[in-house]
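In the block that follows, a single chain appears as structure tokens, in the form predicted alone.
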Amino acid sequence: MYTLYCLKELIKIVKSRTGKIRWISGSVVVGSGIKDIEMGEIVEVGKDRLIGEAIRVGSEEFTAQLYENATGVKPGEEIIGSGKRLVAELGVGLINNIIDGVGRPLDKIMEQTGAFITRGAKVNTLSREKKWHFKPAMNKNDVVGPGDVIGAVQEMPLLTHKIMVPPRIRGKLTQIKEGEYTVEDAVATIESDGQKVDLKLMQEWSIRIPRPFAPGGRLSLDDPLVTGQRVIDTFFPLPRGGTASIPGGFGTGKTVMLHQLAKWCAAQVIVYVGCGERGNEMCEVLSDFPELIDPRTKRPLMERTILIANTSNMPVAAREASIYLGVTIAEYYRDQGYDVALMADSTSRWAEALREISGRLEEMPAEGGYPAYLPDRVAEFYERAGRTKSLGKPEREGSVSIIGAVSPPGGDFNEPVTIHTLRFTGVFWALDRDLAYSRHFPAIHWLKSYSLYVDRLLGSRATSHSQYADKITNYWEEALHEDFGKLRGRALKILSESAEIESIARIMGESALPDDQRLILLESELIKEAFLRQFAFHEVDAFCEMDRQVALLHTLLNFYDKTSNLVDNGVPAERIKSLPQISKLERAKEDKSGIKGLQTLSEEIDVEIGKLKEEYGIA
């Protein structure tokens, strides 16, 4: 009789979590009949059990957005409440994987349904069959708290996956053991408030809630994230834990720029979110990354990469979720003490998904048709970046750096998504259409871009009145030229002066300019060609170490200083233009001999300048 009673109670619970569809518009479904449904709760809709999320709850009705194609769904069909929110499965097996916007691995879906995702397909993010070797870091009877590392799994040859106590759980370890386990097996047991809690190789976390870090644990952003891209590292640097935006019109190189940053930036983990972009671009990442070798670790790049693909032919609502899934995964590896870089391509497609859902909800549109809460959502996303101290022991520091591409219609930087993104990001890499169409890549315009982190990264060498003048990091002090800040400032000044002179030259002609201004134009072209332009697929030039960047910039400015002295003493600028070393300077970035080759080139320049001095009788 007791068993029959329990069965009846279970049937009552299931019925109370079942409602009916009232009406449907695209991916938005309105239902009724589930009295205790909560905001953010996952629901299953229709006979195919399509996945959705409750986004509006009323006294009689509720609204859900579907993460799958709603074709064929009709009023009267069932909606079942799951009682859970949309969560990310966080654990061993995420690295070297590609998942869709709601966390389903695409290779597993392909095995089940073929080349296209079948509606209602349900696949766990992490494999339930694969076993991992768990090595404990604590002992039985140890007292543990939120974030404490109880052991580790060697997920990749160079990446140790730390198994942490989930937030809000503390107690005494009653069991912990080494061995081979799946992600669902209990590797340890904690006695917490009189209850036993099993710890596994995975945990779940709601994607819309930021993961916590240690109280007062947000750290200053004064450590650079080296990318190997000269225009970024030297002129517009990004720190670990910083935020950057890459706005640019069609064909200006946003995706290639993100690919370059994912390949070469000095992050230990890469999370790449393809949000509404073309499927062939994600295929290019999948085909290229396994063949590329990280210059720092000498291991394949895919061994530190997680790909989230919600391409343009996938359901639009899942596009909105993919951004939050990506940043939740990034925070999870940050909590383990790793530096993580999140690439989002592109946030404009994410904002368009918000606009479409908002329109179907009949919300009042704001500027550009976007919902009025667009600035809040943009801020909510970028504010999850940062360099922090993690909860628990041992003490760990990690970071999440967020780099988002923006695709303004017609290249208009005054449209809402771009404007609001600039409000909440610290670096602005403005891609210029004219540069891109003239085959200058990366097409980051040196006069339109900026970095708000320069003072923190360069200290007193950036500006004498900087509030960070007494805080020069060891990195810039030891690894770079002592006058690096001055070199950078001088190069930007030459580029700025050159822009003014070019506007005059277009009217009067270059031949009408005085020789000192013609020399500035020459030096500006050298900086653009030899330093700012970088070839993404060149075996040497694709990645440029910081010491080589500094040496190259120093060589270029040293050339300008010496030739300026010649011009001041009457040597024509045309004569300087004819020096054979100028073409060598333009190609120095591709020289395999590196800094040694620059030193040899500097010696050749000194010899030629000595000959000019003799020719014109200069002491």
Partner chain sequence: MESMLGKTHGLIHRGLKEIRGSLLMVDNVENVGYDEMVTVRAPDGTERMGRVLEVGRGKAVIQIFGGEMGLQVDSAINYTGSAFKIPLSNEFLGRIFNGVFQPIDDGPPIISSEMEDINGSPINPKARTYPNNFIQTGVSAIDGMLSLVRGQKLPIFSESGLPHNRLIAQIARQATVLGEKEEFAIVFSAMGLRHDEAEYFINEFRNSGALERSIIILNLADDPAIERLFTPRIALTAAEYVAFKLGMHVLVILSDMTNYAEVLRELSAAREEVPSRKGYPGYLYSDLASIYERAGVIKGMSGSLTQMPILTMPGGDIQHPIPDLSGYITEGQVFLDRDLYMRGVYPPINVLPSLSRLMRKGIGKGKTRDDHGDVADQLYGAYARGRQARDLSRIVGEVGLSEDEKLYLKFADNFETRFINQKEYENRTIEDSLGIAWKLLSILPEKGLTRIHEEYLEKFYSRTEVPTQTE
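Numbering follows the first chain given and starts at 1. Everything quoted here is computed from the prediction, not taken from an experiment.
A second form of this protein, the form predicted together with the partner chain, is not displayed here; the remarks below concern that form.
Relative to the partner chain in the model of the complex, residues Met110, Pro365 and Tyr437 are all within 4.5 Å by at least one heavy atom. Among residues of the shown chain, Lys130 is not one whose heavy atoms approach the partner chain to within 4.5 Å in the model of the complex. The closest heavy atom approach of Ala505 to the partner chain in the model of the complex falls within 4.5 Å. In the model of the complex, none of the heavy atoms of Val143 sits within 4.5 Å of a heavy atom of the partner chain. Contact annotation: Asp223 falls outside 4.5 Å of the partner chain in the model of the complex, judged by heavy atom distances. In summary, the region of this chain contacting the partner chain in the model of the complex, judged by heavy atoms within 4.5 Å and restricted to 235-243, 172-180, 348-356, 385-393, corresponds to 348-356. For the residues Gly72, Pro215, Pro157, Pro514, the 4.5 Å heavy atom test against the partner chain in the model of the complex is passed only by Gly72. Distance criterion of 4.5 Å from any heavy atom to the partner chain in the model of the complex singles out Glu586 from the list Asp48, Glu586, Glu38, Asp591. Contacts between stretch 293-312 and the partner chain, counted in the model of the complex as any heavy atom lying within 4.5 Å, involve Ala309, Thr311, Ser312, listed in sequence order.
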